[in-house]
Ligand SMILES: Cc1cc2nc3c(=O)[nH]c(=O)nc-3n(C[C@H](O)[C@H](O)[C@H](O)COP(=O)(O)O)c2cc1C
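Let's start with one chain on its own, the form predicted alone, as structure tokens.
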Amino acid sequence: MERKFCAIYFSGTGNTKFCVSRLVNLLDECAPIVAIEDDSVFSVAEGYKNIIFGYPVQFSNAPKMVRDFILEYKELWRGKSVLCVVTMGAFSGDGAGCAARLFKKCGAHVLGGLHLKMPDSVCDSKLLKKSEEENFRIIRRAEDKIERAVLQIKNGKFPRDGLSIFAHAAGLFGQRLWFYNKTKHYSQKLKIDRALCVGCGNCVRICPMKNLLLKDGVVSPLGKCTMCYRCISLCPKKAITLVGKRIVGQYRAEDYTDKL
């Protein structure tokens, strides 16, 4: 019997949205695809037994917003079957396992895990920056892996990326132990350059955490940034930074994927 899926995702600059949409459309082009901040997410999740759940990893961990969402609505996952889909810029270890372990605690069955490397989305650091040509190649490789995963799933087998004890050890000792404080809480380090900011309010509208306040033409962070880089990548004046002090290059997945 063919499985019917819905898809729930969290995406900052569009990588995870792209990958989850590609995967789901190949499995069932009629399947609903909703973001975790969308008001319809609960009715969609309640109506499906099989869920594809996607998110980006940060220092081999699921974003704080994602972990909170899973645990806050733990009754929603009881009896569900979940495939965890993870996007990353370089290394993940047990990226899919981070959410998978939470889903198990909530009474869900974990179908599998899929790790997909996508272009790095950190806009204010030179680390991992690639040329446009290399970014296209990375996205192409991700598409190829998605297509292989779809064939597996249609044949009754699910990828198992990030779910083994070895992957758990790699994620834990490779990054999480050293950078846990960066992902344990919401970040208070988002910076607004008042000399560059024109108070357009774009960042306020798109922040999934409602972390930004616009008052009298001045934008201020409220200390609950989930480090998704959505506002940073979309600021027309490059006035917002988090890791670095200036924007090296803004990244939005649609700038690349619309050309594929």
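Keep in mind the model is a prediction, meaning the values are calculated, not measured. Position 1 is the first residue in the sequence shown; the rest follow in order.
The same protein has a further form, the form predicted together with the ligand, not shown here; the description that follows concerns it.
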State yes or no: in the predicted complex, is some non-hydrogen atom of G112 no more than 4.5 angstroms from a non-hydrogen atom of the ligand? no
Check F59 for me: does it contact the ligand in the predicted complex (non-hydrogen atoms, 4.5 angstroms)? yes
Should L27 be classed as touching the ligand in the predicted complex when contacts are defined as heavy atoms within 4.5 Å? no
Heavy atom of G171 within 4.5 Å of the ligand in the predicted complex: no
Looking at L102, V122, V82, I146, which has any heavy atom no more than 4.5 Å from the ligand in the predicted complex? V122
Which of 90-98, 68-76, 160-168, 146-154 lies within 4.5 Å of the ligand in the predicted complex, heavy atoms considered? The stretch 90-98
